[in-house]
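Taking the form predicted alone, here's one chain by itself in structure tokens.
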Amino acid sequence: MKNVSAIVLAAGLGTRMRSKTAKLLHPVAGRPMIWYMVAAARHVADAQVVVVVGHQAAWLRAFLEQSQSTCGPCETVLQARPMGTAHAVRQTRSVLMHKGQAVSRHCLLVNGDTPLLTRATIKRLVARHEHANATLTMLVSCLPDPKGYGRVVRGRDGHIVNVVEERDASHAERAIREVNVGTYVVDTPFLFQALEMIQPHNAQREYYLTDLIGLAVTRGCRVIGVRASDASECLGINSRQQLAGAERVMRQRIRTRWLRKGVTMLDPETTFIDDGVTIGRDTVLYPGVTLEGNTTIGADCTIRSWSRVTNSVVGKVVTIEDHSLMNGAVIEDQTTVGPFARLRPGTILRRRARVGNFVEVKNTELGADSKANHLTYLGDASIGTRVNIGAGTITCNYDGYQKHRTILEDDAFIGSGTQFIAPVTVGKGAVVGAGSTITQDVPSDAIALTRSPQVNRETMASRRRSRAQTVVRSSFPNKSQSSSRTGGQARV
């Protein structure tokens, strides 16, 4: 028999979110809230983790299936009708009770909508349960405003004797500030025996999981409470307002974590870092920086104001100038990006490459020591080392039906205002003159120039100006003549 299994309750309707998206798929700091709870449960459980789904079950199952590599494997069971939390837990019997025998000594129960609950607190709860030899251990907290939470009722000796849901509480019980967080560790055999005894004798006509406490007390079993060290961990999310509150708390935790690990933030309150981001020591983040998704930033980088990096890998000693956007890009060591650059998915910048202002790169590899500093679009291209790309260069990669690649080999020099009509290849060391439209391959070490020859017509400019001035005079009489005629008419 293993030690700990876990149940994550995720079958609620989430009607107060007023959203077509399942409540538990709403993100907190870049991750759906259900992710945090499954990952935390998997962190302490050596047996099965079971997620009880209900409303929008297909969406939740699909997410959990594709997220197993990051939050860990789990199984799902369906609560077809919303009949209360105890009824939801009952649905896990087929997974956690094998031929009448429990698969684990203890079972952790958590709600899927409490993403602020930390792994450290859950581990402390399990450890205290085992050390105290308790039958049921519950996480409790004291809140200044306990509205919406079940109240913890204690006897004269201070021991927990019951938990009363707010709708069923008396006036005196509603005045209690100690609340049930909804996180438990229960001996697994007792859990499934007691679930069969719970009846819906309450205002909601539902099967309450909190009735486990009364059943345990009646049997003389030990019930203890462990107080959360931080009340914010206990906040459940049922509305957009609560979601925004959880977002603020989670982002502050993330910022604090990276500050402690040696990352500099010039204005932490305007710096947004998702939970899946990793950052190297001595990296400096300027005000307004956003780091999203599964982004990795190396050491000694500088990311300046209002830049946004999403699902990208950034090497060491990289400078990202102001107002630059990166999504799905790989940026190797000592590169420079921006300002006002955009790197789209499939972009790879090799060591010491430079992408400058108003340059857009998509599905392109820019080789080591190559640079595109100004006003350029590079799409579906393979660019070698030490290539210089002049301002205004465009790879014309789309013919209206499919995309084609442009290949610029090592040491090529591309003049400003060049257009490459893909597919086309420029060989090593070749030079393309400014203003050229390249439709055919350029051999290595060749010079390609496609613009029309320059023609200078002597004195043409002065004659053109003279003709233009004659037209203006004939069309608009001078002001003195116009004024005289107007004055004469006025005196008649």
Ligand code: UD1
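Predicted, not measured: the structure shown is a model, and the values here were computed from it. Note that residue numbering begins at 1 and tracks the sequence as displayed.
Omitted from view is the form predicted together with the ligand, to which the following refers.
Only one of 175-183, 284-292, 120-128, 362-370 lies within 4.5 Å of the ligand in the predicted bound form by heavy atoms, and it is 175-183. With a 4.5 Å cutoff on heavy atoms, Ala22 does not count as touching the ligand in the predicted bound form; it lies far away. At a distance threshold of 4.5 angstroms between non-hydrogen atoms, Pro82 is in contact with the ligand in the predicted bound form. Contact annotation for Asn111: at least one heavy atom lies within 4.5 Å of the ligand in the predicted bound form. Among residues of the shown chain, Glu165 is one whose heavy atoms approach the ligand to within 4.5 Å in the predicted bound form.
Leu209 is the sole member of Cys107, Val387, Leu209, Ala246 with a non-hydrogen atom lying within 4.5 angstroms of the ligand in the predicted bound form. Only one of Ala412, Ile383, Cys301, Ala88 lies close to the ligand in the predicted bound form, with a heavy atom inside 4.5 Å, and it is Ala88. Shown without its partner, the chain has Gly236, Asn238 in segment 233-251 as residues with a non-hydrogen atom within 4.5 angstroms of the ligand in the predicted bound form.
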